[in-house]
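Given next, in structure tokens, is a single chain: the form predicted alone.
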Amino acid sequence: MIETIFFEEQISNHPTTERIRKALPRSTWVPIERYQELFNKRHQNFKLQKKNPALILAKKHENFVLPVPSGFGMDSHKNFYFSHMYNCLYDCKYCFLQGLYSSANFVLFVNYEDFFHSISEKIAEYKGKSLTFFSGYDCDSLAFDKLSGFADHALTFFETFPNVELELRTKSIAINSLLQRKPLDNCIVAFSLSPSEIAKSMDSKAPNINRRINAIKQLAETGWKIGLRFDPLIYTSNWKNLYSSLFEEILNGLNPSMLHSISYGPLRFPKKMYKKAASLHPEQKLFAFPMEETKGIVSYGKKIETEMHDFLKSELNKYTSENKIFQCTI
């Protein structure tokens, strides 16, 4: 349970705030003026906070919808992302969130309606163009959903724009809000996955891979379109066998018509983020591997990346058509 909840006084009566207050009546509720006074504070102990993070409820005022970084999106004319939350319930050691913020506390922006207003403006701006909006860039789209109710709001909104795609990216198995409603043809539920042996070591607090696969198949059977995201790719001594087995476990028996897309991408960190993540988790073998730095980006290097790319592409082509497979390069 979240022990402490800080809330901006201006959103104390917002419906999402009230929803969470009812769900967590025993938590300590502390009023604040602006979330930045806590979240942006310098010299916070990220690792210690991650053990028992607080929740900060806030109102976002700008930058609701942003273009995705180059190399992140699929093949839509335009790709955008929006972040109704900062930080994640999970603690995956390779995640860029390990080095992005000073604080490990969660920030939930409760004013979903302002996000959707900005999205509707983008839709109007690019009328007639193929658009995809990604949720789950600075957080997990579904992990907090039992408290936030975000997914239901998002699906209700995107239901009115059937020609625009929404991707909910997640490692969560909190799929009840989806199963309780009719599937949307323009929604992709995209699961981030790694081989079980790797996930056990690195995907701290996240549901295990078998539970995620069960959620995938349950959603697909009820008509939801599925995205598979193997990003980042983790290099180990037996990585080929691990990834081949994972693909077989997921894709054998999965209705091909429910598979929207598969993407994969290399492990890359900006140098500053890499140093911070490595300092937080010095025990991880990931950070003991001899990495390469090129133009401020730390990675396995071109040779390993090319080897992994060629193998992944070859393996995935066994299960689906090439036009459903994408490489992400960020």
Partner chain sequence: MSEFKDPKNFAKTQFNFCWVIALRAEAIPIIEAFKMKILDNQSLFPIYANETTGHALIISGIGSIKSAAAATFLKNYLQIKNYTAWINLGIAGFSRDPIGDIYQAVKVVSKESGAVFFPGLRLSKLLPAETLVTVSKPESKYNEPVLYDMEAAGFCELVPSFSCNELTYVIKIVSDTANSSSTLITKNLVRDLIEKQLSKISAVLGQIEILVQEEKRRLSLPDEVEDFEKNFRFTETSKHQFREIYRKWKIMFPTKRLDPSEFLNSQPKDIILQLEKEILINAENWNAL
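Worth saying up front: this structure is predicted, and the values here are computed from it rather than measured. Positions refer to the first chain, counted from 1.
Not pictured, yet referred to below: the form predicted together with its partner chain.
This chain appears without its partner; in the predicted complex, the one residue of 68, 65, 262, 278 with a heavy atom within 4.5 Å of its partner chain is 278. The partner is absent here, but in the predicted complex a heavy atom of 197, alone among 197, 138, 145, 231, sits within 4.5 Å of its partner chain. Comment: 232-240 is the region of 232-240, 162-170, 183-191, 206-214 lying near its partner chain in the predicted complex, near meaning a non-hydrogen atom within 4.5 Å. Interface membership of residue 4, defined by any non-hydrogen atom within 4.5 Å of its partner chain in the predicted complex, is confirmed. Contact annotation: residue 273 falls outside 4.5 Å of its partner chain in the predicted complex, judged by heavy atom distances. At the 4.5 Å threshold, heavy atoms of residue 297 stay clear of its partner chain in the predicted complex, well away from it.
In the predicted complex, its partner chain stays beyond 4.5 Å of every heavy atom belonging to residue 220. Contacts between stretch 29-51 and its partner chain, counted in the predicted complex as any heavy atom lying within 4.5 Å, involve 30, 31, 32, 37, 38, 41, 43, 44, 45, 47, 48, 49, 51, listed in sequence order.
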